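Only one chain is given next, in structure tokens, and it is the form predicted alone.
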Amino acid sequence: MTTALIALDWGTSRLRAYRVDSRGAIEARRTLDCGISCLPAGGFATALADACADWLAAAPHAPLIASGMVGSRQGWLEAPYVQCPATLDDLAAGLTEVELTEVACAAGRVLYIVAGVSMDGGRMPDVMRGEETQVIGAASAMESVCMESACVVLPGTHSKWVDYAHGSISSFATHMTGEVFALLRGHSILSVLMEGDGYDAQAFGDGVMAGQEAGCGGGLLHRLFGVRTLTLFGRLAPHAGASYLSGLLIGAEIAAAVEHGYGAGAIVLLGSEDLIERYRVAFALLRMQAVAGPDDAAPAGLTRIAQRAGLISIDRPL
């Protein structure tokens, strides 16, 4: 099968590269620890060559497309945001081109970078880069089972709650849950009371319920200090502290998102398997149903955008 597209999911810490065939299937994949935060100044061309020089040589006519932080202000070239609501057509029309003059194995070729999505409805503005492509990639699978609308939750360093309805990203909200967890777990007074990185289901569940109360007005900052005092008073074992803290932050995130109108209907989870499972458990404890979305949403989204932009022709509809 002929290589039709080279797709790059290029984030803060990692570059995930995919070789896509003419039916939209993934022929090969690679993951490199060369996200934008790991590169020296001017290091993007070298990273691209490291990731797929052989693919570029073997498929000289295959276009290249990327999404994620590579299009941020700190990335290779800033790709202007598309305003929310945003559709597949909007993202396809908003591609930014990078001429690959510095990449010897790709001389004369172009890298197309997908725009992020911004939202500014009079409250605090919000932005995302990369998640919009995952949502678009998951949409075809959702629509195939007659799910025309859903709240897509993407757990991670900066969790995203995205309302998708009738082919459009209609609104979204960002929660810094993963980053706050890492900071508190590794660089706060709470860290000295935590032992190991194991998972304690009971402590996680207790944290989710406490976070739900905090998110509904019980005071998250006060509850966070409770991670320390519960341990000091022997009500929380040191080995369970990280699980409780994780549950507390996730529970508070869910409460805050629901308070702002997200998650009233179907909930679809996209992300790493371990995070999806934690969120699924949290939703179940809160009597909310969530299902895991399709794998490889990012390359699927990049393929759909490339197809809609006229960069490739796929033998089957996406």
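Note that the coordinates shown come from a computational prediction; the quantities given were computed from them, not determined experimentally. Position 1 is the first residue in the sequence shown; the rest follow in order.
The following text describes the form predicted in complex with another copy of the chain, which does not appear among the structures shown.
Contact here is defined as any heavy atom lying within 4.5 Å of another copy of the chain in the predicted bound form, and by that definition each of Glu179, Gly219 and Thr229 is a contact residue. Partner contacts here mean any heavy atom within 4.5 Å of another copy of the chain in the predicted bound form, and among 24-32, 265-273, 66-74, 285-293 they occur only in 66-74. In the predicted bound form, another copy of the chain lies farther than 4.5 Å from every heavy atom of Leu48. In the predicted bound form, none of the heavy atoms of Glu102 sits within 4.5 Å of a heavy atom of another copy of the chain.
Although the partner is absent from this view, Tyr81 contacts another copy of the chain in the predicted bound form, with a non-hydrogen atom inside 4.5 angstroms. Not displayed here, another copy of the chain is kept clear of His239 by more than 4.5 Å at the level of heavy atoms in the predicted bound form. Note on contacts: among Ser149, Ser168, Ser188, Ser140, the single residue with a heavy atom within 4.5 Å of another copy of the chain in the predicted bound form is Ser188.
Checking Ala173, Leu88, Ala106, Val98 against another copy of the chain in the predicted bound form, a heavy atom within 4.5 Å turns up for just one residue: Ala173. Residues of 109-125 placing a heavy atom within 4.5 Å of another copy of the chain in the predicted bound form, in sequence order: Ser118, Asp120, Gly122, Arg123, Met124, Pro125.
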